[in-house]
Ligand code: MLT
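Take a look at this single chain in structure tokens; it is the form predicted on its own.
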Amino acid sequence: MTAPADLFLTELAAVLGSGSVLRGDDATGYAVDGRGYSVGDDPVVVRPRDVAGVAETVRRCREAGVAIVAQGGNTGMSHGTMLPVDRPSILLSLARLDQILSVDPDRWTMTVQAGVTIQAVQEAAAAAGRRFAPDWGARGTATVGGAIATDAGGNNVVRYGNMRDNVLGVEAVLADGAVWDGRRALRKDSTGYDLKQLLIGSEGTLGVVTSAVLKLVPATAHQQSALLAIPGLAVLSELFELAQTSAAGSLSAFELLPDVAIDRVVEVFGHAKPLDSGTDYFVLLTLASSETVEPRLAALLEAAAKRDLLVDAVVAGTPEQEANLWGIRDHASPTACFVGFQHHGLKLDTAIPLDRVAEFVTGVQSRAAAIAPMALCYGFGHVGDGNIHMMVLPTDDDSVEPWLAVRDELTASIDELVFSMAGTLSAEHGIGLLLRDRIGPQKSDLEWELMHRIKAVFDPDGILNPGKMLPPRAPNA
């Protein structure tokens, strides 16, 4: 990367105030992304204190031709905050915009700045007798702005949807420094184009989200989870249908966990293994409601057993047991439990039509067995919404070199399988740089061209997170 001119940074620091422009050791905490990769050599980090400071930063960067890469909680998984190497650039941190501006239980909304963490939003909603539903393992670090930028999903999508389903309005600084205030607390508004939806999932390429109006839902005072040992992947569709239809709208999560991942988490993190049934796969599900859910869960498990959809099950009977089950789920990623090998691995954020999930998992496994027999392959995640995180990685030093020799071949083979099943390479982590050059076949040239045109309207000078998300334009476009 190239740093902006010293005079530019000096003047910017004078306007924004003490501690607003960081370099060197002061910037270390911002210099590595969520997967442990450097975002750039000696990054310049700019940390405005308020929306006016963000707007002033963007305006000055545009005038000076300096690129802007916005950063939230730095938990992203798709290299979306990598700094460009072909132009001066800054990393624009929203960490100091960390205020909950209002909690409005009568409107069922909360207005928060972009730097507020997901966990802080959840806690504030709970204190008001409401619930903010989106949730994932990085809740204590991930921020609202980053979640909006990637349209994050998580464990409760099966019931409440992705971030775009939980955002009513946004405020954003546009590429010319103008502040657009679209923070409307309306459930229905049919007055033209929905500009907020363009910004949600745009990965900071169209504007910098500085605050948002979030949707709240009824609190679920009664929650209970169960881990089900299933006889095989073939039962997933029928088990999910049973859970959806028999749990009376209380199914909040439906997650696939392989035994190999559970064993690894138990070994590394010391969790108690809740069930040892000799099966290869488990389903972790949660029922949540304002009324007791124990009878519904018991009826669901009884019906599943009668249909031979489960081999065994364990129900969390205490908060500690609930935390243990979800602690295992939160740590199932190789980023957490295979430290030292995660950078070599292939970590997928694919989503597949619900009726083809089992076919997809076995398809990936068979391709991995043929092309990379030295590597470990397993899948876990949000099977209730089709978002399966398949993992292929070496697990010892001897397998690294032969794995790296075939990684690209296997990646291309799995991508082809995803496209053949009308799936997506990015369900909730964004495209960033990681998927930009692989995702082209998923959409038509016309669809990508329309996105390029939108980008040109919002950011004609190309200063907002350049080079991310959009594949290069098709010839003669």
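From a predicted model like this one, the values you see are computed outputs, not experimental measurements. Residue positions are given as counts along the sequence shown, with the first one as 1.
Not pictured, yet referred to below: the form predicted together with the named molecule.
Contact between Ser250 and the named molecule in the predicted complex is not found at the 4.5 Å heavy atom cutoff. In the predicted complex, no heavy atom of Phe254 sits within 4.5 Å of the named molecule.
Contact check for Cys377: every heavy atom lies farther than 4.5 Å from the named molecule in the predicted complex. Taking the partner from elsewhere, Arg329 is found to have a heavy atom lying within 4.5 Å of the named molecule in the predicted complex.
None of Arg96, Arg264, His389, Arg367 but one reaches within 4.5 angstroms of the named molecule in the predicted complex through a heavy atom, and that residue is His389. None of Arg159, Arg183, Arg296, Lys347 but one reaches within 4.5 angstroms of the named molecule in the predicted complex through a heavy atom, and that residue is Lys347. For the named molecule in the predicted complex, the listed stretch (37-45, 424-432, 54-62, 411-419) containing residues with heavy atoms inside 4.5 Å is 424-432. Annotation for 304-341: interface residues with the named molecule in the predicted complex are Arg329, Ser333, Thr335 [heavy atom within 4.5 Å].
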